[in-house]
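Presented as structure tokens, the chain that follows is alone, the form predicted alone.
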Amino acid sequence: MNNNVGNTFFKIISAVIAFTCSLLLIAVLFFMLRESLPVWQMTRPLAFLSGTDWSPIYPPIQLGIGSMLASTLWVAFGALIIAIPLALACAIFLAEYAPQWLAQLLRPALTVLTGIPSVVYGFLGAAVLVKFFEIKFQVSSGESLFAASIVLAFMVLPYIVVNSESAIRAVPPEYKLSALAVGVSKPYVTMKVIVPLAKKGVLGSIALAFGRAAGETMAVLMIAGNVLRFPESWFSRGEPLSALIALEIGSAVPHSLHYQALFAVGLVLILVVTIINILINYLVNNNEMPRY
């Protein structure tokens, strides 16, 4: 009886917390939609998303965030391209191959990396990475979306490693023991059995890392270049959406068109991250179980 009461109480508390978190997200979206509603009434969403001219203060008023949206996607996906192979290799090593003493040293170090302020990463990137590109490639400015992606990759790498390792270690040992019992090698078991079974946790960590990279402000503000033009390549300078908000929110007059346009930018950023997370969850839930 006591166990049933405790389980029921725990389910109720969990449901209340989950509902509160969902309600908080809905409230944030509703507030940002309300603040940016005049912008959506005066311009079409497609024109707002695809336009490349941004002039919300001086006439002619132009509200286009296409270049900033492209910079955001370049930076975020670029960071994942760099971080995912390194993070998965590190997670597999920690979960399956690392000696116990080495794993106990590396796990706290990764935890510490997640707590370092982003401004520190940005300062190190501006002081070291940007200067390296300027000297090595003899360019006037080493700032670029590529440099920002490298810094963001190191920022999101610990998140992917920690969560992916937890997912790999959560796979029941019976799968590994059964596969090893038929004589296959340990690398084959790891890559063909353990990792596919842990794909939900791995993809969840990648979704978390994408949200972290897309919403990062200080690092990209210091390294990306802050140029309002459409990036022609990964090595161009640009201004992601988060950097745009951080640079202009202080000078925007409350309830002005400029102020409302920045809320529209923030709403787009939230929706982009939400859509990517939904797509990843869809892929996870609709994939078949691995075949051996």
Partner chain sequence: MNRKLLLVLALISLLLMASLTGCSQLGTSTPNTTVPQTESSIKIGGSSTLSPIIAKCADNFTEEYKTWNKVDPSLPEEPIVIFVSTGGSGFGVKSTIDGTFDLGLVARNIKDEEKSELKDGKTFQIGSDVLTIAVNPKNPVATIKPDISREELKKIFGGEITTWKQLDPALPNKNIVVAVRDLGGGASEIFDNAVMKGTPISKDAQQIPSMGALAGKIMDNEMAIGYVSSGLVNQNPDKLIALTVDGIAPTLENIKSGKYDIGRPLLIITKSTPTAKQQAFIDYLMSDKGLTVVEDLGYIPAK
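Only a predicted model underlies this, so the values are computations on that prediction, with no experimental measurement involved. The term rigid core refers to the most C-alpha atoms you can superpose between the two forms while keeping them within 1.5 Å. Positions refer to the first chain, counted from 1.
Same protein, other form: the form predicted together with its partner chain, not shown, and the subject of what follows.
Chemist: Residues in which of 72-80, 132-140, 145-153, 162-170 have heavy atoms within 4.5 Å of its partner chain in the predicted bound form?
Modeler: Among the candidates, contact is made by 132-140.
Chemist: Pro231 versus its partner chain, in the predicted bound form: is there a non-hydrogen atom within 4.5 Å?
Modeler: No.
Chemist: Any of the heavy atoms of Tyr282 lying within 4.5 Å of its partner chain in the predicted bound form?
Modeler: Flag for Tyr282 set to no.
Chemist: Test of understanding: in the predicted bound form, would Leu37 fall inside 4.5 Å of its partner chain by heavy atoms?
Modeler: Taking the distances in the predicted bound form, the answer for Leu37 is no, it never comes within 4.5 Å of its partner chain.
Chemist: Can any non-hydrogen atom of Thr43 be found within 4.5 angstroms of its partner chain in the predicted bound form?
Modeler: Result no; Thr43 lies far from its partner chain in the predicted bound form.
Chemist: Do any residues of 229-251 have a non-hydrogen atom within 4.5 angstroms of its partner chain in the predicted bound form? If so, which ones, in sequence order?
Modeler: Contacts from 229-251: Arg229, Arg237, Glu239, Leu247, Glu248, Ile249, Gly250, Ser251.
Chemist: With both forms fitted on the core, check whether the Cα of Ile17 differs by 2 Å or more between this form and the one not shown.
Modeler: For Ile17, whose C-alpha is compared between this form and the one not shown after core superposition, the shift is 2 Å or more.
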